[in-house]
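The data below hold one chain only, encoded as structure tokens and taken in the form predicted alone.
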């Protein structure tokens, strides 16, 4: 296969480790999903280059929520993208199970957003009106009906919004399945190697710097994308997450509660997240972050107080200034980054869009809506 796309980026030459037709910079859920989608369309000689260990940054730190309906109040281009990706998940999960034997634990059990005081109830009531006016699938529940669905929720609950089409996935198993697919199908993974500019040339900082000329380059480096392409204004937003054990059967769906969200896992763990901190690349778990999340979890589900907190971590969400993903072509490469809080949700649709464009030349309005060439990214390029 030959795809005629220039291998010169804005005047820079390219040096890589081994010959590859398709080179993906970034081994998170977006890059891994694109590699799989390319391979399923017949592409071969695919290489993923990851600065650390594949899937161990934002993709690993996430909670795996699939909540396009809970997190919008109107149907716009971004909502349509998120909703389309959510609809792809059943087939995506089934195929990965068949291909790798790994169950990514897709649960389409809905999401509950709750209010525990009059101000919160007023906010949810207004949100419900705006969402129903936009034909978003949402149900308004009294506190009593919330407790029928989720008895472990605090009895202080006043009002709830239920989003029956939302759900969640075990994101770490998703990443593991995508890596397994890559290794099983001859997709090369180069870890602990950073792509950088040295003396006007793009190079990989790794043990082997022999040259190659990839025909297609896809930038999917998440919060580190701006280091590869400075014209992309993508920065890290830190999120901290707690993990409690022993909560099997406590919750059956994702809960957006009093200052935190709670995500149940099939094995009884409950994840609580997440902070949103603009602190640069400072990866740490803070005392205040743990305290605030734990307190919010207990206010939402009092039974959390009886569970053991057995882990806590932080990760960096890739954030573009307008909060929207960046998907499209830029200076001779493809870009798929800036997914912020929706990387897990948007992985299937991003992979389909990018792979269809590269292999079949299929255009989409999404490449216009989320283009890296939009005004936001033209400045300073």
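What you see is a predicted model; the values in this text were computed from it and never measured. Residue numbers count along the first chain shown, from 1.
Separately, the form predicted together with a small molecule exists; it is not shown, and the next lines address it.
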task = Run the contact test on 178, 357 and 366 with a 4.5 Å heavy atom cut-off to the small molecule in the predicted complex and return yes or no.
result = no
query = So, in the predicted complex, is residue 193 in contact with the small molecule at a 4.5 angstroms heavy atom limit?
reply = yes
task = Could you confirm whether residue 70 comes within 4.5 Å of the small molecule in the predicted complex, counting heavy atoms only?
result = no
ask   = Taking the shortest heavy atom distance, is residue 51 within 4.5 Å of the small molecule in the predicted complex?
value = yes
query = With the cut-off set at 4.5 Å between non-hydrogen atoms, does residue 333 touch the small molecule in the predicted complex?
reply = no
query = Among the candidate residues 93, 274, 138, 218, which is the single one with a non-hydrogen atom no more than 4.5 Å from the small molecule in the predicted complex?
reply = 274
task = Let me know the one among 348, 325, 328, 315 whose heavy atoms come within 4.5 Å of the small molecule in the predicted complex, would you?
result = 315
ask   = in the predicted complex, which of the stretches 96 to 104, 178 to 186, 126 to 134, 233 to 241 has residues with heavy atoms within 4.5 Å of the small molecule?
value = 233 to 241
